[in-house]
Structure formats: structure tokens, C-alpha cells
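Only one chain comes next, encoded as C-alpha cells, the form predicted alone.
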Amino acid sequence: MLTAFLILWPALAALLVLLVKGQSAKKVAFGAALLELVVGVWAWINFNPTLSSPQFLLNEPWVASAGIAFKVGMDGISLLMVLLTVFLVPLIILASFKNDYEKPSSFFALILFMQTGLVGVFTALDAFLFYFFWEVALIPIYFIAALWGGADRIRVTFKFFIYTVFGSLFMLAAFVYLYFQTPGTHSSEEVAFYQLVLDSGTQSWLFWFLFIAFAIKMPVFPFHTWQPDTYTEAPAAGTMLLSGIMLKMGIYGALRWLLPVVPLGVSQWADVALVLAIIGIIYGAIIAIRQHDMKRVVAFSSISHVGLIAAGLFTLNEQGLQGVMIQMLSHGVNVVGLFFIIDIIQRRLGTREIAAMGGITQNAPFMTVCFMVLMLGAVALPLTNGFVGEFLLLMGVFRYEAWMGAVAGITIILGAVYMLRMFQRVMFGEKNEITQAFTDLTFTEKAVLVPLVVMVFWIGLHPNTFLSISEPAILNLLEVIKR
């Protein structure tokens, strides 16, 4: 019932928020998200980290005649993603308090509806239930971006929607085929898919059907073209949801449904997938260096960071996959913090253009410290969260193929270039007409950024807090893949 509560409570709370008028809606939404966080922490406390099998199981018939069940639960991989979701959503809601969105009840209800889809994706143990929640998570973010986004929001959001639906159809086709390969009355449960024995030719095309679906969501080069414009045009909360949590759906989907279901297909095409991921690492970083809009710098940096995570996926070794897990947490924390700081600057100055800024640190020392910590986490400075993830990922890629690891390592150098360049030009130098009246963080803004800064150091200094949770599930996954 614990998993079911984590899935259903945000949807029920969203219905309640819809009934609340005016600005009170955000307070109700924040309270509901805090309760979800408390339940998520309770699940963490009661989770047995020595077990590799799913815990807090709920298995009820859904479409019984077709062998489809409402089966949900959490192993270590799922729990980390659920914890990331329940930690970030209340912060994203709180970060939106200062933005006067029209129809606030609808806006905050959509965030909670999206949380239901996200938690559902991370806990589903049935393929069609996973697909259902995959689509549920898409609908709210589409409306958030389309209704509250920037001037070019309609074109950009339509492109994002088409990309995602296109990928989803590939995934659905693969799931339907796999379902009909299960023996007897057929089943769409995760375990049934894992037990299938398919020839290498079949696994080869199934690999591409599933890989395209997940690669679009991450996104991996060359399926990334929807991402920079969508991140730029979406409202701040939408950008934080997309970058901090939603892109993790694609990585998680590959871990849960691609690697263990079609291992022969993965072995055939792993080199190609790794090359695409490495191209994305270099491409995203180089384009980020050339950007003049702060939001687009972080958007392209996300492509680069996710490219390294995707590379770790296909190493099929413990270091690479553990690096994937810890870097998903780190990236979620860092990118949400950076996009929130950009939103603060935009609300105060009315621009995101790097060239128009300078000298902000003289008026905002507290924000400078928060910005610096999150930026250093993003560039993988030792003792920060980004270092642990990138170290494990690069170690995994090196173990797979040394030259790939060497090329992928360039991300650290290029990342330092575009992040330090942005930080220096925005925060240091002389004040100008638009930055001279800049004010430091408010209490609400500190309440968002301080927990994120704490997580940068917690993950960086005590990574085993989280790695120990995912380790049994990762080792079990490797056994399934190499069966």
C-alpha cells in the first residue's frame, strides 16, 4: 500500500488543488508535496538495502483476462528515483511561489498530476502499466509548457509532443510483441519479459524500438533537437521538471526494460549507442560554450551530461551502472538549482543574456555561494556530487573501451569552460544599470536552494548512502543481462 499511496496521493491532491481558488492553491500543493516527501522518506527508512527484489509490492489484477496487472514495487533502483522525485517536486513548487501564473490552481495541479506519472513510471513492474504512466507523465508537462511557456511555446511544445509520442509508439509496439511471446495465457509482467529467450535477430530490432523511445526522452544525440527549445520556452517550473526528473524516465526505462529484456541486442549495438552518447557529450558541451542565453547554456550542458550517463548504461559493468544511478541524482539536484538561479536572475533583471550582466555578487553574496556550489557540482569538482558520478561513469567507460573513456573525459574540461565562463561574466566584474539594484535571496528562495546545496555535499562526501541502496539491484540486473 505504501507504493500505491506514493502513486495515487499526488493525483488526489491535484484534484483538491483544482478546487482551491487563487494563490492559496500553491500552498495546498506544497503541503501535499511535503506529505509525499515524508512518505518517501518513510519508505527509505523501512527499505531493506540488502535485498535485490522489489519491496512494498502491490499486485492487483488490472486487465485480468489479458494477464495485465497493476503491479508496483520498489527495488534499490526504483527507490532512488522515487526519492529524487519526492525531494525535487516540493522544491519546484516552492520555487514557483514568486511567479504569478494565471490560473494557479490548474498550474500546480498539473505539477502534482505529473508527479503521479513519474512515481508510477519508477515503480511499475508491468510493461503496459509502465507505458500507461509514461504517457500520464507526458500530458501535464505538455500543458504546462503550452499554456505558461514563452512566446514560441506552441511550436516548440508541439515538436516536443510529436517526438515523445513517436518514441512511445515504438515502445508500445515492442511491448506488444514481447507480450505475445510470453507462454500460456501471456503476461506483461517484468519477470515474464526477463525470462523470454529470443533469437539475436529479433532482439536486434527490438533493441532499436526500445532504444529510440528511451533515447528521445533522455535525450541522446541525434534525438535531442526538441530539448534546447523546450527547456528555453517552458516556464521555470516546467524546465525544472523536464530536466530534473522527466529525462530520468528515459535512463530508467533503459535500465529496467532495454538492457535486461534484449541483452543480445544490446551486445550487438552497444558500440553504436556508446558512440552516439559520446558524440552527444562533445556536441552538447561545444554548443553550450557558444550560447549567450543562460538557460540555453544549461540546456545544452544537460545534453552533454546525459550523454555521459547514457554511455555508462551500455558499459554493462558495475561501475558504469552505479555511476548512472548516482549521476541521475546529482544531475537532478544540480540542474534544478541552476535553472532556479537563472529564473531568479531573469525575474530581477528581465533578461537571461549573459552579456547584459555583471557584478551581481556585490549585491548578492548568499546567491553567489549557492550558485558557485551548484556550478562546481555540475563541473564535477572533487567533494561535490558531480565528481562521484562522473568518476564512476568514466571508470565504467574506460573498462569497456579505453579510447571511449578518454574521449568521454573531455566533458570535464569543456564543462568547466562553459560553466565558469557563465559564472564569471554574470556574477563578477563591474555592476551596470540593470544589475546595480540587484537584491539577494529572499527567505523562500533560500528555502529552495539550501536543501539543494546540502545535497551537493551529501552525495559528494557520503555517496555510499545512496550507492548502497542501488548496489544489490544493480548486481541482480547484471546477472539477468548476462544470463
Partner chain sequence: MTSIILLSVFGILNLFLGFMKSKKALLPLVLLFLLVVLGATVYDWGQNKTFFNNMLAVDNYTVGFTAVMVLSTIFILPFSRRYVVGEEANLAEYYSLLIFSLVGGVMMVGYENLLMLFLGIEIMSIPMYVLAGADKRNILSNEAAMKYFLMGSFFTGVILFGMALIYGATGHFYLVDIANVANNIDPNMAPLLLMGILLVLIGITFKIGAAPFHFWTPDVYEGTPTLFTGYMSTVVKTAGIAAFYKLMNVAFPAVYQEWFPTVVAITVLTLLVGNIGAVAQTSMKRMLAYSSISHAGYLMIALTAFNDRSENAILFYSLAYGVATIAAFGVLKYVADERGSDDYSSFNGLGKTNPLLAFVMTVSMLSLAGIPLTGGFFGKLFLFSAALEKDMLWLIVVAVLMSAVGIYYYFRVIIAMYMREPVGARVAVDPFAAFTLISLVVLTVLMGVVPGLFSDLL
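Note that this is a predicted model, so its numbers are computed, not measured. Numbering follows the first chain given and starts at 1.
What comes next is about the form predicted in complex with the partner chain, which is not displayed.
For the residues A146, A356, L349, L94, the 4.5 Å heavy atom test against the partner chain in the model of the complex is passed only by A146.
With the partner omitted from this view, the residue of Y252, F207, F300, F113 that lies near the partner chain in the model of the complex is F113 [heavy atom within 4.5 Å]. The stretch from 256 to 264, 314 to 322, 166 to 174, 406 to 414 that comes within 4.5 Å of the partner chain in the model of the complex, counting heavy atoms only, is 166 to 174. Every member of the trio W62, I139 and I162 reaches the partner chain in the model of the complex with some non-hydrogen atom inside 4.5 Å. None of the heavy atoms of F87 is located within 4.5 Å of the partner chain in the model of the complex. Though the partner is left out of this view, H224 does not reach within 4.5 Å of the partner chain in the model of the complex, counting heavy atoms only. None of the heavy atoms of F214 is located within 4.5 Å of the partner chain in the model of the complex. Not displayed here, the partner chain is kept clear of K295 by more than 4.5 Å at the level of heavy atoms in the model of the complex. Residues of 119 to 139 lying near the partner chain in the model of the complex, listed in sequence order, are F128, Y131, F132, E135, V136, I139, the criterion being any heavy atom within 4.5 Å.
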